Structure formats: structure tokens, C-alpha cells
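Shown next are two forms of a single protein chain, provided one at a time as C-alpha cells under the names structure 1 and structure 2.
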Structure 1
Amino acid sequence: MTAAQPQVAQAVVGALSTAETFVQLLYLAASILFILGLKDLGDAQTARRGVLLAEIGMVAAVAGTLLFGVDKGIIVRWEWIVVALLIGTGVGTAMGLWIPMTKMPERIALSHAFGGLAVALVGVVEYLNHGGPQMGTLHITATGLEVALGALTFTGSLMAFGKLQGFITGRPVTYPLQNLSNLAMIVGTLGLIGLLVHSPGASWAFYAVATLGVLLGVLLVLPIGGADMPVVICLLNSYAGLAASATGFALDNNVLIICGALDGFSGFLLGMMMSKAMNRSFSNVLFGAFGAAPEAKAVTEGAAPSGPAPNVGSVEEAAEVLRAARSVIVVPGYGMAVSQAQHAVRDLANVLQANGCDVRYAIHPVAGRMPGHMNVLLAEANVPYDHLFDLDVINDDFTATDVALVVGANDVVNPAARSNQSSPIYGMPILSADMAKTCVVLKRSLNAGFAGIENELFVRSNTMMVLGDAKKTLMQFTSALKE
């Protein structure tokens, strides 16, 4: 060794220390930006800034991870990173361009599926690279949880996408001993992870954990009905976040631990809030197979409802009711999203307001297929946010309202939730559209909604149904009011 070599070594150590410090500062900045972004996303007025802060935080986190990889000699070739970046950018761009905002729940489900798959694959690579026997207790535990949760999120999200898209029946699919077998698989997965802690070299147990994760994703979502999909989406978001957090422990990446924990627990809390909005317990949503209750009176697709016939009116009759109205509350639902009628709703509201009518929008917490679905669609149509009101705020106002205009909503305005104890939605808070002086319901047909039950609102004496495509009907209302 020459006299100059210790100085060079010291300089190298100093440079590495500086790089590590810079990486940790980037991680700290990213974590703070994620928290601030999440806080801003809680308010519509600051949501756009929240998205920007979170995006900047993600760029900082990725830059820090790449710098860490170079510093530690982990990244030795860039071509695969570039290829992965191009593929990810291509998939994300295609989803943004070709999946419309009306299909936002499906887009979110696919995003969760890709995230879960990525996490599971990282876990498998981590196990192969480090070799089971060389992995410590924390490392093998985190990797096992990462693979199990990632695989569960992947297949569970694909199941949710299939149900939302109609590839798989939206009705709950149940089978004997369903909950018992699911519980056995969960216990079995945790037991296998425990075995891996004791014997990290038992590769068969590692791949069995991955297989059980894949099966659990399918079997946990299959029995859940479409009406519970908002809670399922939140729960899958939670699984994806916890999987990412476990990946952070496996890779010793602090920002991934923090980011995953924020994602996981925010999804869990949102799921709890959605369950409360449906007056149901979290466990009942997960294991209740909503919509499968035999005592519930279900409506077969294509069949007319039993009991009194609904009052079906014409476009002209409904337009005259709206012309005379001084106050209107619009109740949007999934049907508005399907017909992409949000712009037509705004145009009609503009005409009504020009005639001196007060127009507001009532948003049910679980309207659509995921939390905030209606808010996003109406925001896309430039409906002022201060015209949107939550259920608790606006529900008492229906009794003093001339017209409740229900656009493609069904279960969230079904009075059976108040009065019919045999109904599977009994106890769920609903929007009191039936309390308005007149209720105009726009619907494509008399078929049941996502819960598969008859809607008592349709046969109320103060209800007028206008059948057909909501967007076309709203445009006809607007034309009639302009005459």
C-alpha cells in the first residue's frame, strides 16, 4: 500500500457517507411530501395540489432509490430499468387514454393488480437472490408477507375488475364451508411463513405461500356482491399498501415502508367509513355475501317488478314538472356514469338555474362503484364543487324540494332500506329522494340495481319514471326547457 492509498480510501468512504446522507434526505423529503399530499387530497379545494405534491415525492423517492443502487453497486446494468420504465409508461398511458373516467373503478382495480403483481415478483426475486438459508428472521418474514399480500392483491383486484366490467357475475358466489376454508387458508399462510422463519431454506413453503396468496385473492372476492365493491376497492388498496410496506422491510427501504403504511391504513380507514355508510360491519361485508340472502326479494334481469306498476311518464311531462320547479336536487348514480351523462346533467342544471331554479347535487358515500366516483365525474363536467352535498348535509332538505332528479341511482334511494326489515339493504342510510314533492327517476329499464332487489321508490305515487338512456333524456329535457 502506498502512502496515498489510505487518503484515497478515506475519501471514498467520505463520498459514500455523503451519498447515503443525501439518499436519506431524499427519502425524508418524499415521506413529508406524501403526508402533505394525502392531507391535501382530503379537501376538493386542495386536491390538485395534493396530487402534485405526491408526484414530486414519488420522483424524489425513485431518484433516491436509483442513487442508492448506484452507490451500493446494486445497479450494474441500466437497460432493464429503461425497458421496465418504458413498459410501465406504456401501460399507464394506455390506461389513461383508453379507460374513460366513467370506468374509474375498473382503472383503479387494474392499477392495484399491477402493483400487487410487482410486489409479489420483487419478493420472489429477493428470495432467489439472497437464498433462503441466508435470510434473517425479519427479512424472511417481510418477504413472506410481501409475496402473500402481493399475490392476494393481484388476483383479488383482477376479480374486482372482472365483476365491475361484467366479465364475472356481480352476484355473490358462495359455496359450502366458504368462510371456514378461507380462514383455514389464511391460518395456513401465516403458519407457512412461521415455518420459513424456522427453516428459511424450505423453498416449497415459500412457493406454497405465493400459491395460497393467489387462491385467497380469488376466493375472498368471489363471494362479495357488486353492491359492496366500494369497500372491496378500499380493502384491496389497503392490501397493496401493506404489501408495499412489507417490501420496504425486505429491501430495507425506509420510504417504501412509510409510503406503504400510509397507503395501507388510509385504504383500511376508507373501507371502514364505507361500511359505516352502508350501516354494515366490516366483517359482514367481507364474509356476509351481500345480496345472497334467500329471504330477499330479488329481481331477475329482464323481468318486470312485481306489485304496483310504476308511473312511467314521457319526456314532455317530466320537462313540464322541471319547468315549474323552483328547487331541484340531482341524485347521480352509476347509471349516469354508464351513459356518460355528467355533461348533460350540467347543461340541464344551467338552463334550470337560468330560469331561477336552485339546483344542488346529493352525493351518497357509496354511489357508483367506489368512493368519490360521482364527485370525480361531476368535477369533470365542471359542476361547481360547492353545489355538491354529502348525505348528512342535504338529506333533510328533500322534504322542501320541488323535484328530486334521480339519474341512474338505484339502491342508494331505495326506501326499503328504511322500512323493509327483510331487505338486505335494511338500515343502510339512503338519500330521501322519495320525500321530495315529485321524484323524477331516469333509468334505462325497470331492472333491479346492483343489489338485485326491487326499488320501492319506483311505485311511489309522487314518482315519475322516464325510461331510456339518461344522457339522451337529459338532452331532451334541456331542449324542451329552452323552447
Structure 2
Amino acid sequence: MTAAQPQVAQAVVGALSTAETFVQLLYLAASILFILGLKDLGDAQTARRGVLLAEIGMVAAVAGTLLFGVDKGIIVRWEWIVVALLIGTGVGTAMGLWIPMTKMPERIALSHAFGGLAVALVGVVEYLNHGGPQMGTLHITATGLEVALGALTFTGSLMAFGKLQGFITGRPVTYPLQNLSNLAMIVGTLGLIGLLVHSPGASWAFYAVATLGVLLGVLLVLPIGGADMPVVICLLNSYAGLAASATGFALDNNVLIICGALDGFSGFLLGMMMSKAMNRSFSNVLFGAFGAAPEAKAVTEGAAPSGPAPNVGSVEEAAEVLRAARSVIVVPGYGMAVSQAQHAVRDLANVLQANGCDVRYAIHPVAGRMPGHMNVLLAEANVPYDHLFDLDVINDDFTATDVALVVGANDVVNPAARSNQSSPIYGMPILSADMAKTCVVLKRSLNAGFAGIENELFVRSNTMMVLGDAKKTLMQFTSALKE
């Protein structure tokens, strides 16, 4: 055995480079699979195959990492990896299988928090182990950015989660010199990273960067109101991706750089789309504290909008209107999600369709609390996706429609966006529900919506308000129509 040792050692040296090549090829394959997976997600028909491709990619990347770690002698302890993976798999499976679709924005916010946390911790470990003067410029810069962005994503996402859950007020929280102090903190963080490049051993500076990241996450999300949640979630997606990319630079790992860039850009792109759908600039969302002023007004004025009284109809009256309708366009909003009314909507549509009525759904890009939220809720209730139409496709059809059935939507059907220049949502593209022959609005009360803006649609002569829980009202419609 001793005689054979040099030969074995040689074989190991040979195997080393082969193993490394193999690992890099696995990473390459994983990256290609991720991109192909994303491409397949461009069409509902191929999307599930895309998920499968990405899953194979993930297995390849993890297997490659374990191989690399063992081969290089980096991974020597397994017990914690196994324990953490087992718990993570359990929690992940539970979250994946049982979280209700209405809670999807909360779940996404929470998982951004997990992503940020993981990246920030990896950065701290990286500094702990390679800290001190031996870290090069690129290494320390990337690690600093990684920790700052990771920490920011972690607490920012927890804030978003808190706002969505109602633990923290959904109203924008503002205080004097807010933007200035935030800007100072961002500059301070970058300055400290600069200092670290100069003297990588200054561990106080490193932990100050992490602390500033934690603080910035809280303070940057605090002033953003609930109506801007879709944009905030996209932004956090983007930050999580950029943090992962920074990790890739720190660890010199391309698959991390690539995934981070994909994630970062998808968040950025979706955020831009959401901002456009609200006719607001990105920076406006970041620093604007949407709805602060009108919200205060709406709250002090109390429930009912001023001016003409809304036309409140009974369930029977509304059911009569629906019975006579030949065409109906349903406009779902967050109120539908809150009262879990998507199944009741579907049941009503079934009855209407059985009566020979044409039923379609108009989806506003920012309906709900995250991009595409309404599509998912309606899909859950078995509404075929080819019955769902985007704003620009269906908007001209409202004039030729008998009934627009607005279920818990508010700002996305507010005509003030078209006509009232002083309204905070002026210029935002809206669904023209007011153009339908009759507009039936299901709403819990006459209070202003999430953004706190009064809605003149409710007092239009062709609008009938039906107050109460949307789910109950819809079920009453359905049974009235069945009689």
C-alpha cells in the first residue's frame, strides 16, 4: 500500500483538475438550464417544463458545489448541512404546498427576506474566515456590497411583509429630512466599503456596513405606502438578486453572478412595468410616499364621499340587472382577495354563461398586492386564463358591455385618473368600467380605497353600489339568478 502511494497521489492530482472541470461544466449546465427555464415561463403552455429545467439546474449546481467542496477539502463537516437542509426542505415544502394564493405577496416578501439573510450571512462568514489584510480590493468590495445589500433586503422584506400582514401600518410613514438622512446613510455605507478597501482589517467598519444595511432596509420601506406594494416587492426582488450577484463576485462563482443578474433584472423590469402601470416614475415610488396627503384628507372627512350620494342598490336589484345582461366584464380587485371571493365569482360566471351571457375578466396590471396577483387568484378558482384580458386589450370593449362587475377594486377604476388633474393618481391608466351601460360595484363600505382616494365612479348615475362582503353578495347573486 505504501509503495502505491505516489501513484495514488498522482492519480488524485489528475482527478483534481478533472473534478474541477466537471464542476465548472455542471455550473455552466445549471446556468443554461435556468435561462431556458425562464424562457419557457414566457408561455403558460411550456411554463411547467421550465420549472422542471430549473430544478434540474439547481440539483446540478448543488451537486457540483458539494463535489467541489469535498474535492478541495473545503467541506469537511456535514452534520449542520444535513440538519439545515432537512429543516429547510420541511419548511419549504410546507410553505410551497399550503400557503393560500391570497397570501402570495406575503410569502414572496418573506422569501426575499430569507434570500437576503442567506446572502448576508455568507458574506459575514466570508469576512470572518478571510478577513484582515489578506482580502484583495475586489474581494472586500464584493463582500461589503453583498452584506449591505443582503441585510437591506432582509429587513426591507420583513417590513414589506409586516405592512402586507397589517402588523405595521400600510400608510406611508414620513418624517422631516427623511430622504436626506437615508441618502446620508447610503453614502456612509459606500464610504465605509471604500475604507475597507483601504484597510480590509478594520472589522468595525465591516460590521458597521452590515448594521447600516439592516437600518436602511427598515427606513427605505417605511415611507412606502400600501398602494405601492407591487413596486416594493419587485424592488426587493431586484435587491436580493444583486446581493446574490455580489456574492458571486466575492466567491468568484459564475453561476451565482448569473442567477443574481437574472433575479435582479427581473425585479427591476417588473418594477418598471408596475410604475408605468401607475403612471409614476421609479424614483417617485422610492421617495414619493404615495398617497400621504389625500389619505389624511380621506381619513379626517370620514366615510361617505362628499357631493352627490351614491346609488346604493339591493342584491335583488343588482341580480335583475345581471339577469338581463348579455355581456359582463368582471373587474377583480384586492377586495376580492380579502373576502376570498374568487370561487364565488367563478360560480356566478358559470350561471351567467349558462344564461347565454358573455363573461370576461379585465385585469389591471397593478390590481392586488403584487404583479399578476389577480391572474393567480382567478386561476385558483378554475377561471380559464384565456378569459382574462389585460387592460389595453379589453378597455375599448367596456362601452359595448351591459354590465361591468367591479369586485373590490377601487383605484384601478377611478375616473379621476382621467379627468382630475389634482388627483394623486391622475394619468394612471384605468379600466373604463364607468363606460359600461351599468356598473355594479361590490364594496364592503363607502370608505375610500387602499390608496385613500375618493372614487367618483361610485356616485355616477349608471353605477349601482352593493355594499357588504363581496363573497356573500356574489353567492346571493348566484342563488337569485338560479331561481
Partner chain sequence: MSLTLIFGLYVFFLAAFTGYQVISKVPHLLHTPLMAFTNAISGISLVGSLLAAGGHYGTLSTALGAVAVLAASINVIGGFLITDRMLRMFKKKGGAR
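Because the structure is predicted, anything quoted here is derived from the model rather than measured. Structure 1 provides the reference sequence; residues are numbered from 1 along it. Think of the rigid core as the biggest set of C-alphas that the two forms share within 1.5 Å after superposition.
Source of structure 2: the form predicted together with its partner chain.
The rigid-core alignment places the CA of residue 435 less than 2 Å apart between structures 1 and 2. When the rigid core is held fixed, the Cα atom of residue 50 travels 2 angstroms or more between structures 1 and 2.
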